[in-house]
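Only one chain comes next, encoded as structure tokens, the form predicted alone.
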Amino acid sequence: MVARLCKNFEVDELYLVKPKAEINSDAINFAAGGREYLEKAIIVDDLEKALEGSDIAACTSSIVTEKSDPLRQPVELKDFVDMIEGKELVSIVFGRESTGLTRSELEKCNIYLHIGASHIYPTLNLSHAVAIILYEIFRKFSSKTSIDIVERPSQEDFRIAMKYIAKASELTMNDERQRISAIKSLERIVYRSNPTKMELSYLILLLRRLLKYAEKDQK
């Protein structure tokens, strides 16, 4: 599951520290499109080896304890994402599904990273924690995501939509002040909704047809 997430969010390298399980056909099947990360995973005997060359290393944990414990002073995920801007090599350490990270392992990291969740049950499944952290980092630093394939309207598309909105207002409102207010309000709604090109095209089509029927009725 983690290997698959590495593919989803363009992780550079996956390190496995003294893994108990082997990379077999079951693991590769679960990894699906991320199988290359398992096949090229770098296996090391200790965490220090995995963290070599890191500009910043963050250990992750759900445990937040009293203020007197210097190893467990948490940094919120949103703050961590801002903190790593400009860093060349960022390492994020995830512990065992069962027991997490030891205190000795926590000592090897610069940051104690925590995902804010319900205080009643803050412990996340390992792959879920990985997904949340990688998503937040990817969202801030990636130049292009899968949603970018959606076509956005041009300024000309917006101009045409506003032209039909203005015409509709002229046909249906006699009070000039009310008409101007309606046009401006609808303009803000259209821009604030951030429509796709297809969505705005359907709005233009609807307005065009309504105007056509309205103009026929006036004749």
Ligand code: SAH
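Note that the structure is predicted; figures quoted are calculated from it, not measured. In case it trips you up, residue 1 is the first one in the sequence shown, and so on.
Same protein, other form: the form predicted together with this ligand, not shown, and the subject of what follows.
*Asks:* Give a yes or no on whether each residue among 99, 126 and 129 has a heavy atom within 4.5 Å of this ligand in the predicted bound form.
*Replies:* Yes: each residue has a heavy atom within 4.5 Å of the partner.
*Asks:* Since the chain is shown here on its own, which stretch among 189-197, 53-61, 29-37, 173-181 would lie within 4.5 Å of this ligand in the predicted bound form, judged by heavy atoms?
*Replies:* Result for this chain: 53-61.
*Asks:* At 4.5 Å between heavy atoms, is residue 95 in contact with this ligand in the predicted bound form?
*Replies:* Yes - in the predicted bound form, heavy atoms of residue 95 and this ligand come within 4.5 Å of each other.
*Asks:* Is residue 109 one of the residues lying within 4.5 Å of this ligand in the predicted bound form, judged by heavy atom distances?
*Replies:* Residue 109: no, not in contact with this ligand in the predicted bound form.
*Asks:* Whether residue 115 contacts this ligand in the predicted bound form should be assessed with a 4.5 Å heavy atom distance threshold; does it?
*Replies:* Yes, residue 115 is a contact residue.
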